[in-house]
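Next up is one chain by itself, shown in structure tokens, the form predicted on its own.
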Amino acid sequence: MNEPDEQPPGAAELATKDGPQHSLNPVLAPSVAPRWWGAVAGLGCMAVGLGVGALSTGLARSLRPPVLSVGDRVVDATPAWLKDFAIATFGTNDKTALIVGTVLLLALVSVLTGMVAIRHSLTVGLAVVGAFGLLGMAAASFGRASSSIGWLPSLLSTLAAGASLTLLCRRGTPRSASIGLVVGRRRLLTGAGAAALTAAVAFAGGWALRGRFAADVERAGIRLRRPLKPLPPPPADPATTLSGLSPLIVPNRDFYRIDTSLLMPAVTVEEWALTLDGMVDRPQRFTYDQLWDRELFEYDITLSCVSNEVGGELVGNARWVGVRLDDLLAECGVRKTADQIMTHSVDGFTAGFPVEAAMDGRDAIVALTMNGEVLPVAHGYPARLIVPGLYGYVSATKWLSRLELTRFDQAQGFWIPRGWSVRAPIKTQSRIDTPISGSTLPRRPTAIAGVAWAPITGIIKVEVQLGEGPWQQAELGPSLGDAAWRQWWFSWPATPGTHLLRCRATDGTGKAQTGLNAPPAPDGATGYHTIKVKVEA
């Protein structure tokens, strides 16, 4: 006669607390399993699902991980005020914050799903997994850059997650009455370890497979070509001797990046082309090599994001080389009825700006290089648009694929229905780079310094105000042209006490920037950048 199995420590208490005690030697049923077992099962199922989803994106260039597909739809639905809040809070890390937040939310749902599946009903748990899978497939199928098989990663991810949840729940709730809590826990944890290993291998495989779509190797092999009228080398940069001052030319690695793409497009020049069509007499299509073979021009141009707060860092100056936009439009024969150029990105983003901004003589270009190197992927490779004097949300389209001549009353860019202004001229602004607001300074002469910009009229004067005193003129740094920002500095004796410091700029027309405070939405922030510092006694 077989002796009854020894009851594991704590099993009776668990059965009494969390579910009915079916016998003196309780069967480990779903209603008895500890809640944390469900959390382990749910997280394991999520890890495998995400891993398989990442692995499947290596099958084709157009496929995206399910989390990013859902994140893209979140970006698409983001109202202006929320976008502004995200950028103000997280800066250029707003996309990372969105992805992390999405994963954390998914982890929470997975934990709850695992608890339901292992303690109550596996069928309900699988239904939740299936619902999230359908959400991912819909997000990938109906986005602005969806592909015919965009749903595939979400489908494979859902099947893998469902299978993992089933296996983990069965390992955690064995049917045999001879297996108690200790053995069940061991089986669940070994299963969870296997799930984690599977997820890690899948993620690594997906990373390796996606690597073959990367454009970095292709970029490295492209030979730069000399512009028709290259600019002289930049003058000596005061930032090299004035600590804290922004440089004349912002290095590519430090240049701000704001766009709607959670996964930067992987575009090869073999498949890429720029199309000009719409309300034109002669539609055109240019390959990458055809653009390089045209006359190239070099310009120093400052870009600014409309979400930039007063004194913010979402602005930068770079040296660009590209093809003049007015030359391309002249070859197409723009019809008089067209008043808007709608730009299209390979990721589905759209932005529209006035035709006259491309035809009034300003140096608008389709840029191919940035600061002496082939356009970085993060900044729009193979080509992007640069239109001096307009905020980026209407003009500075990255990964450019199409220029469509249309009308404002017939088409709207991505951000216009979301509350941003149709026409978006950059407003004259100035910023104090040094000293830093809130800092304590030694009692000695100190330089107040920063940058000012007013594309396309340029900066002719910057003034500084100490407390409620008079405005005093600062010294201007070298000029790189009216489309580029201007450095400035002011020698201050830094007397003891707490001080408010302000700056204001005057543009090339003689108009000073406004001191009226306004938020970024809907057409750019205004006001004087003001900081507070303390000088030691």
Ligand SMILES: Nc1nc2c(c(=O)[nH]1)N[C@H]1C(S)=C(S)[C@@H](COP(=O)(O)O)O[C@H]1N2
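Since the model is a prediction, treat every value here as computed from it, not as a measurement. Don't overthink the numbering: it's just position in the shown sequence, from 1.
Just so it is clear, the following notes concern the form predicted together with this ligand, a form of the same protein that is not shown.
Site annotation in the model of the complex: the residue of T158, T428, T369, S304 reaching within 4.5 Å of this ligand with a heavy atom is S304. With the partner omitted from this view, the residue of W420, W151, W399, Y299 that lies near this ligand in the model of the complex is W399 [heavy atom within 4.5 Å]. For G392, a non-hydrogen atom is located within 4.5 Å of this ligand in the model of the complex, even though that partner is not displayed.
Heavy atoms of V310 never reach within 4.5 Å of this ligand in the model of the complex, leaving it off the interface. Proximity of S164 to this ligand in the model of the complex: non-hydrogen atoms within 4.5 Å are absent; the residue sits far from the partner. Put simply, I258 is close to this ligand in the model of the complex: some heavy atom of it is within 4.5 Å. This chain is displayed without this ligand, yet in the model of the complex the stretch 249-257 from 279-287, 404-412, 190-198, 249-257 comes within 4.5 Å of it by heavy atoms. Contacts with this ligand in the model of the complex, taken as any heavy atom within 4.5 Å, map within 324-359 to S345, D347, F349.
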